[in-house]
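Below you'll find only one chain, the form predicted on its own, shown as structure tokens.
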Amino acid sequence: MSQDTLKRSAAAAALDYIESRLTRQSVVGIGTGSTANFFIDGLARIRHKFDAAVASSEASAQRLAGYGIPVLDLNAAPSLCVYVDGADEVDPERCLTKGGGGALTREKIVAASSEEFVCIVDESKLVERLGRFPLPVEVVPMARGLAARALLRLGGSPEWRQGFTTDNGNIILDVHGLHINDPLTLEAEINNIVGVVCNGLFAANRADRVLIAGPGGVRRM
């Protein structure tokens, strides 16, 4: 079974999970990336059951608009009933690593603004301990060297994602080699580095529910 097939299964399970909760006044938060794209494709089929969406990236906003789904600025949305997004890694406590697509800051903002965060992944994203996937850190450009040195002191090996700029106009440092035994503490430590906008650890804003697709079907965490 291909990874895309598993991603579609996870997205379909998320649609089944949220559909009965939607009303004509509902606003849905949408993530970024290939698994979120499958969710957007499915969401278009139940467009009549909710009011609008808030997107965590310009790319997702464009995909939603292509289906005729109204996209609101988060500040204009009265509330978000749910946020649905993928992840790069998921640990047994539902802590996540996100940001492979570079939208981590907006993803974290939309997740924190939603009543429930539903994460959709295929089973290859499950890990016993976060850190196998490089941790993305969004940094103000002039602080690249300052932040990189601080990340080195934390035990990581930061690599500038050259040629990439976030929707916020910042850069990404992908940090390799971190031993993430305490995601909540490390998330706060990295966010306290001067010049760091946000990092891809979702521990304070971990998923409320994870839908995991495998060859045997979709299970919940």
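Since the model is a prediction, treat every value here as computed from it, not as a measurement. Just count from 1 along the sequence shown to find any residue number.
Below: the form predicted together with ribulose-5-phosphate, not depicted.
Engineer: Using a 4.5 Å cut on heavy atoms, which of 104, 151, 80, 130 is close to ribulose-5-phosphate in the predicted complex?
Structural biologist: Checked against the cut-off, the match is 104.
Engineer: Thinking of 34, 88 and 125 as the candidate spot, does ribulose-5-phosphate come within 4.5 Å of a heavy atom on all of them in the predicted complex?
Structural biologist: Checked in the predicted complex: all three residues contact ribulose-5-phosphate.
Engineer: Go through 94-102, 108-116, 141-149, 71-79 and give me the stretch that gets within 4.5 Å of ribulose-5-phosphate in the predicted complex, heavy atoms only.
Structural biologist: Single hit among the candidates: 94-102.
Engineer: Given a 4.5 Å distance limit between heavy atoms, list every residue of 1-17 close to ribulose-5-phosphate in the predicted complex, or none if there are none.
Structural biologist: Only 7 sits within 4.5 Å of the partner.
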